[in-house]
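In structure tokens, one chain follows: the form predicted on its own.
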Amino acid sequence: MSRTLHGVAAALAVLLASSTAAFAQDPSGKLVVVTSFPKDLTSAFQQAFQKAYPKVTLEVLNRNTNAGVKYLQETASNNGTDLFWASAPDAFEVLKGANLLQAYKPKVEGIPEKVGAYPINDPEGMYAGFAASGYGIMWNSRYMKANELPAPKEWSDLAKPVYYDHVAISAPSRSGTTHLTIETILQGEGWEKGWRTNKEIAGNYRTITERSFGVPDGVNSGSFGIGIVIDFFALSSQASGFPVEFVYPTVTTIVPANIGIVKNAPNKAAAETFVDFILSPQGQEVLLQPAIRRLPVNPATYAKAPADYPNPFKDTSLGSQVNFDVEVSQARYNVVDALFDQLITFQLDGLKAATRAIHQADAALAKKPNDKAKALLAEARDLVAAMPVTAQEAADPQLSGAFTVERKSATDAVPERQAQVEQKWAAFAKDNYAAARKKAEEALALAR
């Protein structure tokens, strides 16, 4: 009897010790996350995580990607953030290069090393992929029918005259996902051709929104017909019953959306637990919710997805045409954003006027060929496509280092060096678009 009691007492002691250890390891306290993701995604994970770990209070600070990076840079000396959570891998490379992240190897198993040709996790463990994302074109099918517009398939389709004033995008300087889209086209087609494509499409823009979710909202409502978006915006709109369709152009890439623990995180234990949670089967299934509709990085999760759900682990054609180089993107990140703003965002009226004149001359030439008019039209197109810097110059640290302040408008105050470069680019674009419009109008006169 005494031996039995002794054995029971020993077993209880072991159980109590293990329970105490588990209790001690259970995370608690405030967990601060800086993220660019919309509330639909963050609130779903917040509810699921806090249900699993009720002692943790998750505080979400929403910033666009660029603003989030700058926030962490500015608060590094007195950091109060535990996690950075965003789509753009090059933003994480910026933080990694500034020594603002700390390594962590997730405990979750079953996640491949790559999605397509792209590594899911940072090889040094500074950030981890939790969802895959592709970039493409969404459209409102009712709008397209009402305006007799064909469904686009490739980026180049959006430059066609039929889409004039029907396309929208968000500014890459205000949206990390749009930056990735622009950079994907530049890497997929090359610097010169890629910018030509981007500017020819831009000539057909109806608007450029400040935040990325402004584009799917506009397509869903029929404010404009076509949007350049990250895939989950279209997939979640479809799941919510909006009459939208989506296509991945040939030149696209599938890259992971990421999460990283900030250096000197106040609540490192809770941060590690959150990373493991979003990679767990329970966390990955959250991505399938109708309001989220992102691509899980755990292939097993797709067994619970709808039948027509994109699966980059089975459809190897997705992103196969672009071997996205995050180091190239990171080196010219600020330059690409500034070029887009100075050549497109802040010069949109002039670009659209030149594009409209080119479309009109092109239509006239189709009816009445004229060699001189054809040559003038080619010159007009080249003027629109011309770039003030080369790819090599864009990656030069001396140039990229000039862009230290994020612009929200053309009138924002910026450092003198940045202002000088931007003014030069803006003048270049303004002059070229005016000259292009003039040549296109001359071509039109000759073709009449």
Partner chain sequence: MTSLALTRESIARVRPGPAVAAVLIALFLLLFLVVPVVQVIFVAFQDKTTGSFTLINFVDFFRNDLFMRSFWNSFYVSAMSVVVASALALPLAYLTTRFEFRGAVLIQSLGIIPLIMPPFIGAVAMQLLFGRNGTVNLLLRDHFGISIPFMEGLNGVIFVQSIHYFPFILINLSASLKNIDRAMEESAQNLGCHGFRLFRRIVFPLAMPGYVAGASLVFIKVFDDLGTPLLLNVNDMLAPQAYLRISSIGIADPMGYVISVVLIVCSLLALWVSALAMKGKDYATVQRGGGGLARRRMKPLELVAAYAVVLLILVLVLAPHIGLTLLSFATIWSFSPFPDAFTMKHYGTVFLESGQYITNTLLYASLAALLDVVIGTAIAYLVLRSKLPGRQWLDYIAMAALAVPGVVLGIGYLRSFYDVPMPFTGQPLSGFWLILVFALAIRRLPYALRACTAALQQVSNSLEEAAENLGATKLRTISRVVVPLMSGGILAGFVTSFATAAVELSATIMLVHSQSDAPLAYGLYVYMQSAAGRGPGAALGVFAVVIVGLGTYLSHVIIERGRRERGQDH
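All values reported here derive from a predicted model rather than from experimental measurement. Numbering follows the first chain given and starts at 1. By rigid core we mean the largest C-alpha set that fits within 1.5 Å across both forms.
We do not show the form predicted together with the partner chain, though everything after this point is about it.
*Work out which of R356, R211, K268, K160 lies within 4.5 Å of the partner chain in the predicted complex, going by heavy atoms.*
For this set of options, the contacting one is R211.
*Sort through W191, Y143, W85, Y118 and report the residue having a heavy atom within 4.5 Å of the partner chain in the predicted complex.*
Looking at W191, Y143, W85, Y118 one by one, just Y143 meets the 4.5 Å heavy-atom criterion.
*asked:* Is K438 part of the interface with the partner chain in the predicted complex - any heavy atom within 4.5 Å?
replied: Residue-level check for K438: no, no contact with the partner chain.
*Is V328 close enough to the partner chain in the predicted complex to count, meaning some heavy atom within 4.5 Å?*
No, V328 is distant from the partner.
*For Q423, is any heavy atom within 4.5 Å of the partner chain in the predicted complex, or not?*
It does: once the partner chain is placed as it appears in the predicted complex, Q423 has a heavy atom within 4.5 Å of it.
*asked:* Quick check on G29: any heavy atom within 4.5 Å of the partner chain in the predicted complex?
replied: Judged by the heavy-atom cut-off of 4.5 Å, G29 is well away from the partner chain in the predicted complex.
*Is every one of E154, E285 and P306 in contact with the partner chain in the predicted complex, taking contact as a heavy atom within 4.5 Å?*
Zero of three within 4.5 Å in the predicted complex.
*In terms of non-hydrogen atoms within 4.5 angstroms, which of the given stretches 89-97, 368-376, 252-260, 171-179 touches the partner chain in the predicted complex?*
Of the stretches listed, the one contacting the partner is 171-179.
*Partner contacts in the predicted complex for 70-101 (non-hydrogen atom within 4.5 angstroms of the partner chain)*: Heavy-atom contacts within 4.5 Å come from K70, Y71, E74, T75, S77, N78, N79, G80.
*Against the rigid core, is the Cα displacement of K263 between the shown form and the other one at least 2 Å?*
Result for K263: yes, a 2 Å-plus shift.
*Is there a C-alpha shift of 2 Å or more at D382 between the shown form and the other one once the rigid core is superposed?*
No, the C-alpha moves less than 2 Å.
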